[in-house]
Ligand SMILES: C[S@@+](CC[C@H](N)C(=O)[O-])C[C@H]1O[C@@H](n2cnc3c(N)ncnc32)[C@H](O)[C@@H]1O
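Presented as structure tokens, the chain that follows is alone, the form predicted on its own.
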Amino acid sequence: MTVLEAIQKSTEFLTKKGVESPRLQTELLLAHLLKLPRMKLYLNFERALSPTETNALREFVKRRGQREPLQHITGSTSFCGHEIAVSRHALIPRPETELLAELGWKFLVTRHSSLVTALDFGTGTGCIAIAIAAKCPEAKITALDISSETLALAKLNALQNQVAEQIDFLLGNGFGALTAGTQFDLIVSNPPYIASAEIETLEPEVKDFDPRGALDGGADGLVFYRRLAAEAKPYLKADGKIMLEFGDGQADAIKRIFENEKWIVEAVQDDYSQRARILIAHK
């Protein structure tokens, strides 16, 4: 079977399984298997796949047809130019979260302090902490998560991206895990924000493979925003900022939550698709 034949047959299979962008998904899987940039496949359409390659591709495509995420099959994803290993223990990094990391590092590089610090609340894969650390070599970041398996994945990613020395990994349930009196220039978080009842309506790639704890934001999806609004102030420097990602349609409710706790909401930032996505506030 040639590369082109493999792409055509696999695309037909994934189409029947309801996978979005089946041709693109097939090409990404094949490029990963052959260790080629995806566009190089177009120069190799007539290349014959070996039996080993054919069997491996068949297994990859079968898994994708069962709606296992592409990133789990390939083992990693790209985030702000960094290769981030993924697993069932953490939410797969989304492209829109790159904007949150970017806003975070752009704020930190304006700080004129001998010690610039940030807290990544619910670090997951560590992608936000890693992106900020890479852009702010002088920053010290605390990456907090409730799951030891998740923190192990984040540590691995920090090591592979050569920023582990800048990041302290902390296991714990919220601010209580921090030393009393600790304050940060920046608190950044992409907390769970899906309403509990909506999780079963999500695509199988999300509801069956992302950890429930990284999705479930309580009855209305806003539990963690209330917690952050109520508890974060003592851990933020006087001129520090909190930056939070949220879901579609949640901007007004989260803005009210923070204003009711006497925060100054200075911006609600749109993502790259012009949807309100990030809240920026200060004390």
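Just count from 1 along the sequence shown to find any residue number. All figures in this text were calculated on a predicted structure; none of them were measured in a lab.
Not on display, but discussed next: the form predicted in complex with the ligand.
Trainee: Choose one stretch from 70-78, 189-197, 161-169, 102-110: the one whose residues place a heavy atom within 4.5 angstroms of the ligand in the model of the complex.
Mentor: Contact-bearing stretch, as computed: 189-197.
Trainee: Would Pro204 show up as a contact with the ligand in the model of the complex if we use heavy atoms at 4.5 Å?
Mentor: Contact check for Pro204: no, nothing within 4.5 Å of the ligand in the model of the complex.
Trainee: Would you classify Phe184 as touching the ligand in the model of the complex, given a 4.5 Å non-hydrogen atom cut-off?
Mentor: Flag for Phe184 set to no.
Trainee: Does the ligand get within 4.5 angstroms of any non-hydrogen atom of Val116 in the model of the complex?
Mentor: Judged by the heavy-atom cut-off of 4.5 Å, Val116 is well away from the ligand in the model of the complex.
Trainee: Indicate whether the ligand has at least one heavy atom within 4.5 Å of a heavy atom of Ala154 in the model of the complex.
Mentor: Result no; Ala154 lies far from the ligand in the model of the complex.
Trainee: Pick from Phe258, Tyr235, Phe224, Phe60: which has a non-hydrogen atom within 4.5 Å of the ligand in the model of the complex?
Mentor: It is Phe224 that has a heavy atom within 4.5 Å of the partner.
Trainee: Using a 4.5 Å cut-off on any heavy atom, which residues of 79-116 would contact the ligand in the model of the complex?
Mentor: The stretch 79-116, when checked against the ligand in the model of the complex, contributes Leu91, Pro93, Thr97 at the 4.5 Å heavy-atom cut-off.
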